[in-house]
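Form predicted alone, single chain, as structure tokens, below.
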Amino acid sequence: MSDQAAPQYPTRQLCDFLARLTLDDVPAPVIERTKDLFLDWMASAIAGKDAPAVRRIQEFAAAMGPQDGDAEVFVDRRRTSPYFAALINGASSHVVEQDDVHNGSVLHPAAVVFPAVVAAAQAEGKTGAEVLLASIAGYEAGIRIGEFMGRSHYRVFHTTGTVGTLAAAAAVAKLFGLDAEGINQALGTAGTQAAGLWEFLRDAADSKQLHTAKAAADGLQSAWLARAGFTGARQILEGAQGMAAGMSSDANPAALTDGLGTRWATAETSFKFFASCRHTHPAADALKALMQRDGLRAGDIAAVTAHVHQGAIDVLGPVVDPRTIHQAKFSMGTVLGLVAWYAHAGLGEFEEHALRDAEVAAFREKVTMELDDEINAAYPRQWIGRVTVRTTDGRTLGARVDVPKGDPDNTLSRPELEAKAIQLAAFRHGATEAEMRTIIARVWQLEQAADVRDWLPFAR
């Protein structure tokens, strides 16, 4: 990329980088990782089929949007306008809690970036290479903006709903070929719409699906408006009355430009192994390792202490008596109960056992979370798992996992990602194995796709 003098404020420096970015600038391993993330997202979105919250959003789209269009809706195989396709696919991407997460920003990029990019690309007849480049731009921008907003933001705001709106806007603006000024305007319009509050966890409400739905759709809208000449605040992030001023007490402007062109945040993104909130995964990994190491059964465990960072307490703490399967995914006790009794906390375990099994409910009462200074200091860059177990025969045992399954240094291989994708698609009969194998083959060759308008192997 050429070295051009950039304006002084960090948001514009980020926009300048995004505007100049080409696929040739991106290392090959990052492109390959983006395809891994794309497959993982598609399968997660398909798995959202028939989830009640997603159905309500589908009904809204059917009432308010067109009955046909250029963009595909994965869960019902209809087509509609790009806006409503991004809305529905964004909602379905996040509901089974299997979509990716970036540790440092505590952002789920896939659920907001890919729905917006694919919907816009199908409407505009873009190539697979253009989809990849736009998605990388969305990841690189969104992750840095999430890191900029800091830990204080995450205590109250669901970062994927707030920052995700800007990530989607950056991605679609790149897809549209906007210059730095246009991307800047898109971020301004996205930022003034950014929303998403954690309070829904206390009520088992459906808001989390609305967060990703609106982030994807509003990000697309923001880029479209910017292309049409609609203006937004240039310093929506660091300005005196911008997002950081109203939504953060520890914002770090340097994070917006951290390692642009040398540090590829896209490749830092983690996959989910368990079908639950990522904050439960480190402890779940540690408990599973301890039980395997010491030959314990669930009935041998009298009590478990999960040593955690403050973010886990903030998000998981409100869920003390889960009333829905989705809420159970935010219950540390439920997740550890499933791991203890069934050796996994996947989609099937949640559907069959999370709310029905007396043993899991009893185990939930044995679990407490305790703030750990070392783990808290390492978070969010590193998510350490540590548990202490007291056995029924009076022993005290401990285990620690420094790199949970799914993190870049303990990642899912392509065969594991393919198996996960097929399992997710089969969850609510969203796609057959043959359809998913066709999708998998196409994803691995995404940069060669001349046009993504009829890219999915779904019969209309």
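Start at 1 with the first residue shown and count on from there. Nothing here was measured: the structure is a model prediction, and the numbers come from that model.
Below: the form predicted together with another copy of the chain, not depicted.
If you check T159, Q221, T334, S276 against another copy of the chain in the predicted bound form, which one has a heavy atom within 4.5 Å?
After the contact test, the surviving option is Q221.
Check each of R263, R77, R202, H344 and return the one that places a heavy atom within 4.5 angstroms of another copy of the chain in the predicted bound form.
Contact check passes for R202.
Does the trio F60, S81 and G242 actually contact another copy of the chain in the predicted bound form, every residue with a heavy atom within 4.5 Å?
Heavy-atom distance to another copy of the chain in the predicted bound form: all three under 4.5 Å.
Of these, 255 to 263, 203 to 211, 131 to 139, 288 to 296, which stretch puts a heavy atom within 4.5 angstroms of another copy of the chain in the predicted bound form?
Stretch 203 to 211 is the one.
Please determine whether S105 contacts another copy of the chain in the predicted bound form, using a 4.5 Å cut-off between heavy atoms.
S105: no contact with another copy of the chain in the predicted bound form.
Please determine whether V320 contacts another copy of the chain in the predicted bound form, using a 4.5 Å cut-off between heavy atoms.
Looking in the predicted bound form, residue contacts with another copy of the chain do not include V320, since no heavy atom lies within 4.5 Å.
Any chance L39 has a heavy atom within 4.5 Å of another copy of the chain in the predicted bound form?
Close contact is absent here: in the predicted bound form, L39 is far from another copy of the chain, nothing within 4.5 Å, heavy atoms only.
Just checking whether V304 would be counted as a contact of another copy of the chain in the predicted bound form - the rule being heavy atoms within 4.5 angstroms.
V304: no contact with another copy of the chain in the predicted bound form.
Using a 4.5 Å cut-off on heavy atoms, which residues of 64 to 82 contact another copy of the chain in the predicted bound form?
Residues within 4.5 Å: M64, G65, P66, S81, P82.
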